[in-house]
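The chain below stands alone, shown as structure tokens; this is the form predicted on its own.
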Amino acid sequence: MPKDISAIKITDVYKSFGKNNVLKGIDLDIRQGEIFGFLGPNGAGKTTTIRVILDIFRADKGFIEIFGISNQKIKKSHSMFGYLSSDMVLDKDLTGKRYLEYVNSRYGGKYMANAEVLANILKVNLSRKIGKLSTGNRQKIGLISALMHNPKLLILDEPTQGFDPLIQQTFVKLIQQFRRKGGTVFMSSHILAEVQELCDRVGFIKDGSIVGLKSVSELRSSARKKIIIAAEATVLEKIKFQHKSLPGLHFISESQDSMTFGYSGDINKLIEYLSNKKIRDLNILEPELDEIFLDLYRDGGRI
């Protein structure tokens, strides 16, 4: 596959259900070989975007291509990707093995060995009926069905629902291995630590529009850092009283011997500002993705 072709290209896509405008001119370009995180609150349009990419819902307007092929030519493009739904429905009377044998038949009957290897890695019993499996184990069956045919692209909608922490780490390793082999991943997730660990870039959607698109490293470098200052009470009170004189410094909270601030400016200016104050300790913490997410949606801004 030529590297100059996008894995997924979404151009000016709109989608409405009756009078409800769910997607409002979405533009996204997912590069081959990247892991792309797609974030937003409930109802923002994440799942609708994914289902429009897959042509489960037909876009009202705009164009979508998967490796240069129109997503509407599903017979040409479907073998290129694996998909895991957030609300996967499986026949409860089938065993995991029978279901995966059916999936295998759709891809030419060559991949059951892969499925069994993945089942062993994910520690799921394929001989049990799906109806008797926990939510997490049913999700594992879905993940196996998405990976087993060696796709070029994975489209994952809240993929680790029901996974315990150990299996979440196994999932992370599987996705990293998939990318090392040249695969591309488009995933929505509410587990922001997982997105931070896995993703190269993150897109934020709000009310059907993209409100931010950056690499995880860019987000963290430009976002508000957490500053914890420890000092005598009189010094802290003076800093609190004067802190607005330094642009970008925002008071958050205080305890008996420290104060916490948010800071989004030049770190050298912060150090200069504190240099003539008798502080006991200074702790500068990089922002986590969940803090960036909350700041963005709380403030109603764009990044």
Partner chain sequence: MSLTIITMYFFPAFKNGSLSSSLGSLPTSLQKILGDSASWNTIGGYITQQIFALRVPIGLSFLSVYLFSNLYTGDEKKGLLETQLSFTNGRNRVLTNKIIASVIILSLIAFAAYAGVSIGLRLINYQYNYLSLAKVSLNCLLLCLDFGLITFLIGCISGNNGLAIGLSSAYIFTSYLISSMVSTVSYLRIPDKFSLFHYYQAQAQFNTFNLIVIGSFGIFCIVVGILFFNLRDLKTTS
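Residue numbers count along the first chain shown, from 1. Keep in mind the model is a prediction, meaning the values are calculated, not measured. Definition used throughout: the rigid core is the maximal C-alpha set that superposes within 1.5 Å between two forms.
Absent from the display: the form predicted together with its partner chain. The rest refers to it.
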**Asked** Only one of 53-61, 232-240, 254-262, 270-278 gets a heavy atom within 4.5 Å of its partner chain in the model of the complex; which is it?
**Response** 53-61
**Message:** For a quick test of understanding: in the model of the complex, does each of Lys15, Asp91 and Tyr102 have a heavy atom within 4.5 Å of its partner chain?
**Reply:** yes
**Item:** Candidate from Gln196, Ser79, Asn114, Gln168 lying within 4.5 Å of its partner chain in the model of the complex - any heavy atom
**Value:** Ser79
**Item:** Of Lys110, Arg106, Lys123, Lys173, the one that lies within 4.5 Å of its partner chain in the model of the complex (heavy atoms)
**Value:** Arg106
**Touches its partner chain in the model of the complex: Phe186 (any heavy atom, 4.5 Å)** = no
**Request:** Evaluate Phe204 for contact with its partner chain in the model of the complex, applying a 4.5 angstroms cut-off between non-hydrogen atoms, and reply yes or no.
**Result:** no
**Item:** Exercise: Asp87 in contact with its partner chain in the model of the complex, heavy atom 4.5 Å
**Value:** yes
**Message:** Does any part of Tyr83 reach within 4.5 Å of its partner chain in the model of the complex? Heavy atoms only, please.
**Reply:** yes
**Message:** Please determine whether the C-alpha atom of Leu174 is displaced by 2 Å or more between this form and the one not shown following superposition on the rigid core.
**Reply:** no
**Prompt:** When you overlay the rigid core, is the Cα of Ile130 off by 2 Å or more between this form and the one not shown?
**Reply:** yes
